[in-house]
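We begin with a single chain expressed as structure tokens, specifically the form predicted on its own.
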Amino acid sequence: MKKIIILSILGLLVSTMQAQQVKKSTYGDLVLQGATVHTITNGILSNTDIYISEGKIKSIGKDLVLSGDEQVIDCSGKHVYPGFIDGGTHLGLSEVGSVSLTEDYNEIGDFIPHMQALTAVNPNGVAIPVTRVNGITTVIAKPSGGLFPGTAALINLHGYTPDDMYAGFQGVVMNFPSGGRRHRWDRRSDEDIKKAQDKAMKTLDEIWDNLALYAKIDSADQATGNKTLREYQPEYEALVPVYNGEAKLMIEVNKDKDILNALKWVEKTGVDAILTGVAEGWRVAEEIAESGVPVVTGPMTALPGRSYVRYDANYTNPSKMMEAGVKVAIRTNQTENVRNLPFEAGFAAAYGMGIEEALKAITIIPAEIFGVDDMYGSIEEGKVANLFVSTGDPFEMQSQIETLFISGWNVPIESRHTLLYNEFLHRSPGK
């Protein structure tokens, strides 16, 4: 009986591994030939070639002169877009929601900015290839939880280690104290909500006062070359670059009044901030625009936060902020459904943003917000070769992503979903 059980378990493991097995990526010089190239920053180029070498876009043009050693991919009638960037996910940090041991985005503690999401990213996460097949090449992997839950990282969705995947940006995450209800089942009285917010703001002010002293001592140490005899505090050490304006602070905030309070706090402290979430940004769009603070918002496909607002409040939120002059990027705020990023952007496009601006909101705009637009976000010579070949508009569900490149690697368009689909489509034996 024991042998039967062991053999059954082994069989299950083998079948699971086979279902998840993905072909190896390939690397080398190649040319995408005769495509319609959506550069994002320099218009749409018809019947154009893209030469990829050493992981970067070496040249773009018509009838490029080739040595003959390059692999040529015929893209006639196809469209090439830069890889999409999701401005906020838990991808790589979570596997099975019901198993706490696989959840690495929510650590114990309210004040842990030194906890780096990058160190917890699982390059072999099942959801990563599932995400890539929809043209998403780069995402923010972020922690969540308390007041300062940790430090988020921008990662490319290809690599054997987190360091391989790192795409050049990290930002400390802060959940701004909220004066609203947490959810529709929140039964706290208005007085209790106000007390909780006041307590959280007091804690934030105390942390910032302590940080000011810590940064002053650190600056003196740097100037003199001496080490003050002080207790090492990694949480303040992680915040010193934010305090000095050398690193960005990603402030999660959603209610309109909380957004205004967050903007006042940003002005008072002088931090280099990014507002994330911003579900009710449309209510205070003018104030956000005046502050000059960029926004990463989403998801669009969510219910309105208040029962009396229009059904399309979330759909129109990005366009209303954009029209007011806010720099807006889009996120899914998901784990297993990050693959839906182009459809989130599609909703924003259909509800006022337009296709061109919605494309920018998941390519060059997040690249600019995260300070990596010299490498990512558009198809330009010298940039990292993160791009994909599509049969049509990637916002349309019938369009198929045929070829995908991340850092010049030709990554197979395979995932557990595609493998299982093909397995059961062509069952043998089967009826």
Partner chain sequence: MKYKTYNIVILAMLMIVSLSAQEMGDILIKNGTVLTITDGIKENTDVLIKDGKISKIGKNISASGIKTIDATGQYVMPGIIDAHSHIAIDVVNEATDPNTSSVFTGDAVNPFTISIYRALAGGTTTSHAMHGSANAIGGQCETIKHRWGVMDPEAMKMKGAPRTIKFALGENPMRVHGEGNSIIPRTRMGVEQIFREAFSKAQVYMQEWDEYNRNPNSGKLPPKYDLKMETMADILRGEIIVHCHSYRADEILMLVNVLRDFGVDKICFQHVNEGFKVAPELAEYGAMASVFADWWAYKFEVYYSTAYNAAILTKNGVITSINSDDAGLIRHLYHEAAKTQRYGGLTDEEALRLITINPAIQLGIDDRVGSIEEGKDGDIAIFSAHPLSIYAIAQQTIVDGIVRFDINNDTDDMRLIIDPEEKIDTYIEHIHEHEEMDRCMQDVFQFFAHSHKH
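These numbers come from a predicted model, not from an experiment. Residue numbers count along the first chain shown, from 1.
Here the subject shifts to the form predicted in complex with the partner chain, a form of this protein not shown in this document.
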(message) Can you work out whether Arg187 and the partner chain are in contact in the predicted complex, taking contact to mean some heavy atom pair no more than 4.5 Å apart?
(response) yes
(message) Is Asp29 near the partner chain? Define near as a heavy atom within 4.5 Å, in the predicted complex.
(response) no
(request) Would you check, heavy atoms only and a 4.5 Å threshold, whether Met165 touches the partner chain in the predicted complex? (result) no
(message) Is it the case that Arg310, even though its partner is missing from this view, gets within 4.5 Å of the partner chain in the predicted complex, heavy atoms only?
(response) yes
(request) Tell me the stretch among 107-115, 332-340, 68-76, 208-216 that has any heavy atom within 4.5 angstroms of the partner chain in the predicted complex. (result) 332-340
(request) Heavy atom within 4.5 Å of the partner chain in the predicted complex: which of Tyr243, Phe148, Tyr315, Tyr236 fits that? Just give me the one. (result) Tyr315
(message) With the distance limit set at 4.5 angstroms and only heavy atoms considered, check whether Asp86, Lys227 and Ile369 all reach the partner chain in the predicted complex.
(response) no
(request) Give, in sequence order, every residue of 388-403 that has a heavy atom within 4.5 Å of the partner chain in the predicted complex, or say none if there are no such residues. (result) Asp393, Pro394, Phe395, Glu396, Met397, Gln398, Ser399, Gln400, Ile401
